[in-house]
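Take a look at this single chain in structure tokens; it is the form predicted alone.
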């Protein structure tokens, strides 16, 4: 899965910080799970990348997972999914 509009290097740094800090507050600072499910490559390998992107953008009703679409573009959410599937640098 490759998204045409990659975020700039500066934005990629911001997005990595968002994943580590904001996502990590529920998914664990090592993304191995907590209040939220693990976000490791092993935990996500069977998940649809498109479904993961939609979850990031629109959240999950009835759960603590909020929608991030006010803060992220479609391409940025896709980049986050690709990065999580590879493993955070």
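This one's a predicted model, so the numbers in the text were calculated from it and none came from an experiment. Positions refer to the first chain, counted from 1.
FYI, the form predicted in complex with a small molecule isn't displayed, but the following is about it.
With a 4.5 Å cutoff on heavy atoms, residue 17 does not count as touching the small molecule in the predicted bound form; it lies far away.
Among residues of the shown chain, residue 68 is one whose heavy atoms approach the small molecule to within 4.5 Å in the predicted bound form. The small molecule is not shown here, but in the predicted bound form it comes within 4.5 Å of a heavy atom of residue 25. The small molecule in the predicted bound form comes within 4.5 Å of a heavy atom belonging to residue 60.
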